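Have a look below at one chain only, the form predicted on its own, in structure tokens format.
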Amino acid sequence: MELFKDLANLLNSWLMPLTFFIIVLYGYCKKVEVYSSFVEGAKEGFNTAVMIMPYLVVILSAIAIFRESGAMQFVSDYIIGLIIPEKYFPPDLVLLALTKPLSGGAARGVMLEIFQRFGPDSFEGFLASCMQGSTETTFYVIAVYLGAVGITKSRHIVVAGLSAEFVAVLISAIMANLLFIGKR
């Protein structure tokens, strides 16, 4: 068992440098100017980042307005809280479910806040982890990827993405409740 751990640690330490070396060696064998290609790719990445910046500013501003206006708390406390029993889906996780489609960073912050209050091994922490791992930042993806290629008509994509978000949150809640039966 100790040998396996040592081998795993060694592999873990050398995996990235070895991968980088193999890529450079492959490029050299194919007579590709590796450094020039790397610089060109970095330049394209920078140009893409500059191009999508307005979309990111809009999304992050909308999130801040939605949260600071109290609308997110209202939806969390009054609308969803009346539909779903608190025992099966704590109100603190509603904020995570509403934040995740908008911003991965904000959702991670909400998840870490849940970890601090309830602990990562609690039902709330487990459900937050399930939701974080099974949902996507739908509006962020739409803003960035569709904005990067110039697609402006995203009506059906939004519906499909939000439907997938809903299903992912629902399945996360069901699975977390099934796995935590008798532990609460």
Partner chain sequence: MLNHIWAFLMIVGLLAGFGTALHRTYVGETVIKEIDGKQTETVVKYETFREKLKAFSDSGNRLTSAAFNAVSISYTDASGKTKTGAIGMCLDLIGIMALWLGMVKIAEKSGMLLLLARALRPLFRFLFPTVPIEHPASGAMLMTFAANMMGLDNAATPLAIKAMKELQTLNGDKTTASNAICLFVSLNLASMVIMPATIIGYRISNGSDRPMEFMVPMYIAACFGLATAFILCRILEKFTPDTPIVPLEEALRASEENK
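Numbering follows the first chain given and starts at 1. Between two forms, the rigid core is defined as the largest C-alpha subset superposing within 1.5 Å. Remember, it's a predicted structure, so these values are computed and weren't measured experimentally.
Just so you know, the form predicted in complex with its partner chain exists too; it's not on screen, but the next bit is about it.
Contact check for residue 111: a heavy atom falls within 4.5 Å of its partner chain in the predicted complex. In the predicted complex, its partner chain sits within 4.5 Å of a heavy atom belonging to residue 106.
In the predicted complex, its partner chain sits within 4.5 Å of a heavy atom of residue 102. Interface residues of 152 to 179, taken as those with a heavy atom within 4.5 Å of its partner chain in the predicted complex (partner not displayed): 152, 153, 154, 155, 156, 157, 159, 160, 161, 163, 164, 167, 168, 171, 172, 175, 179, in sequence order. Once both forms are overlaid on the rigid core, the distance between the two CA positions of residue 145 between this form and the one not shown is under 2 angstroms.
Relative to the superposed core, residue 121 shifts its CA atom by less than 2 Å between this form and the one not shown. Comparing the forms between this form and the one not shown on their rigid core, the Cα displacement of residue 136 stays under 2 Å. Whereas the shown form places them at one spacing, the Cα atoms of residue 143 and residue 42 lie at least 3 Å farther apart in the predicted complex. Relative to what is shown, residue 70 and residue 119 are closer in the predicted complex; their C-alpha atoms differ in spacing by at least 3 Å.
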